[in-house]
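Below you will find one chain, with nothing else, as structure tokens; this is the form predicted on its own, and questions on how it binds or moves follow later.
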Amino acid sequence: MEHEEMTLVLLGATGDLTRRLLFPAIYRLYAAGKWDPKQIIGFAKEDWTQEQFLTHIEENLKIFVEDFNQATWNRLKPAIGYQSGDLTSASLGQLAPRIGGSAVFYLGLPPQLFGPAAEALGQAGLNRGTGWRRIVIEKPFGWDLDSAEALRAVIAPWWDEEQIFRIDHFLGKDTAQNVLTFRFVNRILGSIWNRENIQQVQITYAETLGVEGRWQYYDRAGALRDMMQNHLLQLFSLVAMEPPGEWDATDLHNHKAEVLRSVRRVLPEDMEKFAVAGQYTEGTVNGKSVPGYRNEEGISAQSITETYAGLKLYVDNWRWHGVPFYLRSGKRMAHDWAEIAVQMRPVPENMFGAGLADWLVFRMKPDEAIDLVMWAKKPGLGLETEEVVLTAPYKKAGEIEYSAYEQLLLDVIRGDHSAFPRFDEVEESWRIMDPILTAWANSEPQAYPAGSDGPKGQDRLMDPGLAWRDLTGGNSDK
């Protein structure tokens, strides 16, 4: 078990992120023998006693950890403390006597507090110490390019880039990490990973969930900010980047930023060909009637926030010139389905059948696996083909399953930046998104019924002969 002589400080420790994701991840790491924390300090504005805080955490662990064990929690509990206060340098400075060496400060806070918290920690002198000091910032890093640069300007005087960990939990998922591993470890893919052999790439993240009580954040953000600018563009960059010279965080970030810089900008006059916004109306999801977005609690009847975003991107470099990358994400869709699907160019039409093409699919939901969709001869006397799917699940029976937050917490403790976007990646992502945000700022999104595959207008993004994959793993390009 790793035992790092460091303190983990969770700012916003009474909030939703901490109770649902962070403490369950900490508990599972400890229970699995992966990390033995020296000291964890919860910091929040609630005037709680330490016992109240521990009771709060325990109650939520019993909800969010399936194999919760009381004896394990009793052993972990002595490492956990609590301190109430606000996000001023004077209040945060009271943490100093409790932190003797290295420390991680995790900002589990609303986005508008990232800058003030990072600045106050620096003013209190907590950005420097006898050991290393690191700060973890959740997404979104800004709301557009200008605000991202303004946020950086607030943080940069106090925190160096190597101290900052911008967490994108998608990059901690096995699927994301396996895209790189599968691409660069298997030599057979190297010769075909280019425009000569790949016809299109589709990256999908569909949810049956609606706003689920997050309306104050979501109605400001929308699908483009919530999913596209960070999660899906990061997955896109892993698929499209050049092979790194070595497995090094700086090299990985350089190549990801390079491919983002190569994305063709969407011009205002071409917006309808490259971007589609949608908003769900009432419908049926999993057999249950659900309200439309504008009828959700807290949402204005005039809201034009998009709950679906679909994009077509082109990468203007030698490897990918002319290959469309399709990205889409939506709420209240027909199924919970997430995947990265790479389609090979079809064989000539006079061989075995018209337009037969293979797919390599990295599945994230409902389970994580790799599918290779190919074609083989049907049994019998004729020379007919049929689709065959070769599947490799990530998790085997008896293997421990970890969440993305467990992996990323360990990476922060180890100082590994590989899975944490550097600022130039964030900057380039906003450069791609800003023209679309501007175009959608005063426009009505297309309606789509809850429980559907999304707005009909998404089909106009597709190049001739191509179609969106269905949301149940359909592999046909008919």
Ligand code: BG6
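Start at 1 with the first residue shown and count on from there. All values derive from a computational prediction rather than experimental measurement.
Beyond what is shown, the protein has a form predicted together with the ligand; the following relates to that form.
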Practice item. Verify the contact flag for Y205: yes if a non-hydrogen atom of it lies within 4.5 Å of a non-hydrogen atom of the ligand in the predicted bound form, no if not. Key: yes
Point to revise | Partner proximity in the predicted bound form: R214 to the ligand, non-hydrogen atom cutoff 4.5 Å | key: yes
**Study point:** Contact label in the predicted bound form: R328 to the ligand, heavy atom within 4.5 Å
**Key:** no
Review point. Can you check whether E406 is within 4.5 Å of the ligand in the predicted bound form, heavy atom basis?
Key: no
Check your understanding: Do all of K139, F170 and K365 end up near the ligand in the predicted bound form, with near meaning a heavy atom within 4.5 Å?
Key -> yes
Review point. Of L260, M227, L235, V285, which residue is found within 4.5 angstroms of the ligand in the predicted bound form when only non-hydrogen atoms are counted?
Key: M227
Exercise for review: Within 4.5 Å of the ligand in the predicted bound form, counting heavy atoms only, one of 370-378, 227-235, 289-297, 102-110 shows up; tell me which.
Suggested key: 227-235
